[in-house]
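The chain below stands alone and is given as structure tokens, in the form predicted on its own.
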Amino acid sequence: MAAKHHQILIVGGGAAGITVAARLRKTEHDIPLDIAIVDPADSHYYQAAFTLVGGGAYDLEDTRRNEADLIPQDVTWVKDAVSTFAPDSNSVSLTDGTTITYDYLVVCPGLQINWSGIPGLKEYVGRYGVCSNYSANTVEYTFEVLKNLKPGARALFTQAPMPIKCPGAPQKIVYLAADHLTKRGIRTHCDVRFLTATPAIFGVPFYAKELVKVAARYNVPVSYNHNLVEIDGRKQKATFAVTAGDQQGQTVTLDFDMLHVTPPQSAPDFVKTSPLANTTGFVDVHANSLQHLKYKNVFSLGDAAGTANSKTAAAVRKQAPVVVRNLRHLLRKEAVEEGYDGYGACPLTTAYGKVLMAEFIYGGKPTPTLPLDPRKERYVNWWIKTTGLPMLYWDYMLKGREAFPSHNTAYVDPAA
């Protein structure tokens, strides 16, 4: 079978792939482009709202669109998955045996959720109070469990080792759960705990200081360096390995009525085993240009890129224009630019109606978009989280339209 060929091949039809394709289409006036997207999914989800779904504040169906409706006009949709990359021959192989060659490759398949990475998780998620906001198939069960908790209930919330999608998501649902129980008048009669595999509550100290206060306000104890390693759903017991501190090397087993699990995550297997991967399994790209360090006609963005930014849709919003401009530079035989500064954002839901908007770049430097103290929880941020960002995602970002102000790279902490 003769190999198919496309000038620009995009692997992944999520936020990154659709955005790059749409922006390429809008900038091709002087150079017509042949673009294809490889993705097997029928549905496309706005995953940033999954926390709200799990907290009962958003409908799952409102996060979903048909993938076919989002593929930009005149972009070929290859409805299959990649099995292997062969960058030395500028080709990829699909699971159906098809080979596609390319002039330029953009790799953005997202993260792989490793449900089998914790014994008992795959078996019990969706039953016995074991829930997770990290899948469209499981997120609605989170609120089902939460709303049925009774006085005396034990609710555990976990965070897996990095990297994970949206590092703030595991604690967002903690605060919504605590607020929900408070509104029902049973918070003081329930044991709510947050156990994270990380050594701090959040990776950016500027915001971590505030989040420690939020957890304390809800009287939620935070156990650091506690990694969930086993679940017995029938007995409703969760076992954690302690990876640092006085109990390092020991295990702790806790009873639960609700166990919200952040599953371990990684780059997809077909990326990890490819010549494109670095030692951590992610695509080996330059932190600022997003160009592959060895294969100069390859770019990567989004969650599968081997960059140190927070893995969020907000990062994609800033990465996609850089990738598109650099593809255009290569088409014109020009040098690439190093335009991505590591921007990421995490709207941290701290209550129903309150959000702390964490925005930052490489090095953990805060870069708020609005001229407000970014450490404060605000209702306006709740509106942005629940209404503004979804609208901008569907109607602007995925259509290749720019409607976002620049973040403030000159912010100085007045308390510093």
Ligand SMILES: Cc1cc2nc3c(=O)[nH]c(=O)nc-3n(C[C@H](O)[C@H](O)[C@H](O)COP(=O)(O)OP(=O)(O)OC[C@H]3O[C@@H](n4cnc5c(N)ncnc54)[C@H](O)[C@@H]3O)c2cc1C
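All residue numbers refer to positions in the sequence shown, first residue = 1. All figures in this text were calculated on a predicted structure; none of them were measured in a lab.
There is another form of this protein, the form predicted together with this ligand, and it is not shown here; the text below is about that form.
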Contact residue in the predicted bound form, from P40, G364, G388, G353 (heavy atom within 4.5 Å of this ligand) = P40
Triple contact flag A15, K165 and A169 to this ligand in the predicted bound form, non-hydrogen atom at 4.5 angstroms = yes
Answer with yes or no whether F360 is in contact with this ligand in the predicted bound form, where contact means some heavy atom within 4.5 Å.
-> no
Using 4.5 Å between non-hydrogen atoms, is T63 touching this ligand in the predicted bound form?
-> no
Should V214 be classed as touching this ligand in the predicted bound form when contacts are defined as heavy atoms within 4.5 Å?
-> no
Do C108 and this ligand come within 4.5 Å of each other in the predicted bound form, heavy atoms counted?
-> yes
When this ligand is placed as it is in the predicted bound form, which of 218-226, 203-211, 126-134, 272-280 ends up with heavy atoms within 4.5 Å of it?
-> 126-134
Output the sequence-ordered list of residues from 183-219 with at least one heavy atom within 4.5 Å of this ligand in the predicted bound form.
-> none
